[in-house]
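Listed next as structure tokens is one chain, alone, in the form predicted alone.
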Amino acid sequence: MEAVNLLSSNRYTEKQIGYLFISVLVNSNSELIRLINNAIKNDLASRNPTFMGLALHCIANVGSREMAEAFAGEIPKILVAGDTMDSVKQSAALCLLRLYRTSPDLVPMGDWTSRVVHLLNDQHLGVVTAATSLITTLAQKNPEEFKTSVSLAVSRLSRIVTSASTDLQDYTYYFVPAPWLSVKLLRLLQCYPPPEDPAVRGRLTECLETILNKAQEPPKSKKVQHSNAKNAVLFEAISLIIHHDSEPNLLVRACNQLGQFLQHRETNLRYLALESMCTLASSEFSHEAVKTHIETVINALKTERDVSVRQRAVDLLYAMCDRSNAQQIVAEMLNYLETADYSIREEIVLKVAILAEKYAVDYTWYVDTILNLIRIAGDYVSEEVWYRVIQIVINRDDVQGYAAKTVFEALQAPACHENLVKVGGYILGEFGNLIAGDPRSSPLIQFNLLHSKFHLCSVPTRALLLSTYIKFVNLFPEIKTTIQDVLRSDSQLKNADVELQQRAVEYLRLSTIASTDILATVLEEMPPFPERESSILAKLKKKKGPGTVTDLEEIKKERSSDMNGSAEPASVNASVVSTPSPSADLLGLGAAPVTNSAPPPSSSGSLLVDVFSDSASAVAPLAPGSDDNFARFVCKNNGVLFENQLLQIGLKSEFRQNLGRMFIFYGNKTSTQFLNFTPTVICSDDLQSSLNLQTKPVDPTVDGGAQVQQVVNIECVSDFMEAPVLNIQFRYGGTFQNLSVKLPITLNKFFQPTEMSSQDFFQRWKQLSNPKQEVQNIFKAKHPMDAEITKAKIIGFGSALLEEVDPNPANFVGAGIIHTKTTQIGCLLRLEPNLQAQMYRLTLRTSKEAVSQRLCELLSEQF
């Protein structure tokens, strides 16, 4: 209250202390907020610039929704009023920017929007700088309302870049005139396409040329601040040139300027130059100019000490690659792969695989490249890569014989990576007959070579080799008895792994009773795969973060005829979808014989779905830490579910009986818009029958610093074990982002607490004495054994905490009812802590075994 009283003082020091206290310590839900708002309104109306500045600073610092409701209509009037002091205009512009980022729906667009644009012509550069920040943010959401800012921004930029440093003395930083304002104006212009007015367009081109010319001039100071400011303006100008992508001369000049930075002694400049050139490589005007720097980039790959710069060099080689230099670039990337940092090896493998496939003129080169890739970095060659090799070999008759000969020779090495054994087993099983005429690769030699690797491989690879063996029975009848002896051996027929045992039994029986014609029909050559999008690109996109080049192939003007497209997975409206079953028809070919030497469905089904199914490739794997965050929400309903450098996901939930409602908040932590923002709640087939979810769509555009809300209505139809998955896809800075997290909708959310006396509790406890109704778990404590925290977690879990029921006062007992649409399930729980041993014993009894098991699993993870 004393702080509120200080706001009414006419002394600056007292008023300042009052505002400082409120900005830091007063909660927006405080009972005093109305008095505070009245004091702020009085200061805003006072026309005293000092008091107005303090009030505006306080509004911006608090920045709450309540502040936006109270003052969002007043601040624009102050901003555009003719008699407002320059310092107040600056504060008003930045205050309005803060409120817009917090609550964009409460900042009204009106007559002031056209007037605020004219602040770009203000005499005071501080006002122009603050106004530019505000207009840039507003223009990202409402480009049409602020398109008149383009000509004014060009005009102001022209005056800055053509002025001498002495003309803008107050805003010159180490001989660079107004560098912050220049950068902001260039960013504002990136919200729009090139100006249509020839005069404005010509003036903008002159500005950009002047900035590029100044970059060539000798430095006016040796201090690092001068070069930093000068380069900041230069890189932002290059970003605008790339954004417009319409002036060939400027694009080539920008490329040449960046080329000079590739050998600069400053690591940051080398990094930024490589990053910008990655984007330039996508333009039809500058692609050839970028290619002239290939030797410099390759040299950077070999000599650069900073791993992040080397990674950008790999990105640039990938972006500048075309048919004319593909073999050189792939060879250099393979050479680098042998000594590359482990953190980027998988990404390099994916890029090499994509380039080798996309620009392969001679498919024998493609086969050699992928086999070399497996030899150098087999541990980093994902299933998608070797699946793709097999798909291409099967689809191209001209390369099948060469592929069979090459893998046969590669398998003769004493140490082969398991992925090479998989590729060899598959290709020889299909096309081994093409090389069987050579005595050095006779059927028996092929079989013995593959079988020599059998005992060193994992179960999925052994299963694939067994399929190869039965294929050999059809291809090479002369070694049928040898193969049958292997299949008949105890190590196969009595194998501990059920998949291997089943294959051995079935294949042995098939080879014994089937006629030659039946064998030829069942074990015929795999039909060509339908041409689908390559899943290797999708996997590469999942690995990459913002500011990378994995999506550049989508916007390349120079299109080469290739074997597959590279479009991102199609976005879908926010809805509940079903995940494909691993037993689905993966290739759209109808029912395929189980004896084809494809990877075994039981072990690799999900991977095959990921590779060959259009729908499944759109769903990313769970984000790191997703399970830990999920566990924290078992006993609470509100909080932050996920957060990375781009996105924050918050939850607020409420449940009553078998119904619930969840509010999901998506916060954009960056200053750049998220485009095509598509959250999707995914339920498995089993979960869909137990849980009804209705999601409301969200705005596909999320502004920088903004937050959008999605409502999910929930109905529990019957008990369930799994949790839904929330998949979010969007574009950030031209890069496709795809992530998934578990949505904390668990069975205990539909708990209704039930109060019981000690007599009633133990009477009911005895009634639930069937062994199938009780689940017990004894486990080590993961957290400090605090009684109050334990009580809070049991209550948060949903059951009633029953006091003075258990004879041992140290124990905790609870009771409740799980409500579903179809039934109600009573539940009793007892938690017995042992402080000395730091152990717990948790006992749960319900009328349904699966419910007892699930609740026990969920609650055990909390202690």
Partner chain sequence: MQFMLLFSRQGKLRLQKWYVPLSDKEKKKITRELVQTVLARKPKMCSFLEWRDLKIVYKRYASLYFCCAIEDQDNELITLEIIHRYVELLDKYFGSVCELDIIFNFEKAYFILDEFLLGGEVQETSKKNVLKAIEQADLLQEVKTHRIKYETIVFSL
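Numbering follows the first chain given and starts at 1. Basically, rigid core = biggest C-alpha set you can superpose within 1.5 Å across the two forms. Since we're looking at a predicted model, the values are computed, not measured.
A second form of this protein, the form predicted together with its partner chain, is not displayed here; the remarks below concern that form.
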(Q) Since the partner isn't included here, can you check whether its partner chain sits close to all of 689, 774 and 833 in the predicted complex (heavy atom within 4.5 Å for each)? (A) no
(Q) So in the predicted complex, is its partner chain close enough to residue 37 to count as touching (4.5 Å, heavy atoms)? (A) no
Q) Taking heavy atoms and a 4.5 Å cut-off, does residue 471 contact its partner chain in the predicted complex? A) no
(Q) Can you tell me if residue 819 lies within 4.5 angstroms of its partner chain in the predicted complex, counting non-hydrogen atoms only? (A) no
Q: Answer with yes or no whether residue 171 is in contact with its partner chain in the predicted complex, where contact means some heavy atom within 4.5 Å.
A: yes
Q) its partner chain isn't shown here, but in the predicted complex which of 268, 292, 713, 512 has a heavy atom within 4.5 Å of it? A) 268
**Q.** Heavy atom within 4.5 Å of its partner chain in the predicted complex - the one residue of 727, 668, 90, 391 that qualifies
**A.** 90
Q: Given that the partner is absent here, state which listed stretch (224 to 232, 719 to 727, 246 to 254, 749 to 757) has heavy atoms within 4.5 Å of its partner chain in the predicted complex.
A: 224 to 232
Q: Could you list which residues of 113 to 128 come within 4.5 Å of its partner chain in the predicted complex, counting heavy atoms only?
A: 124, 126
(Q) So that I can tell if residue 400 moves, could you say whether its C-alpha shifts by at least 2 Å between this form and the one not shown after the core superposition? (A) no
(Q) Superposing on the rigid core, is the Cα displacement of residue 310 between this form and the one not shown 2 Å or more? (A) no
Q: Could you check whether the CA atom of residue 125 moves 2 Å or more between this form and the one not shown, using the rigid core for the fit?
A: yes
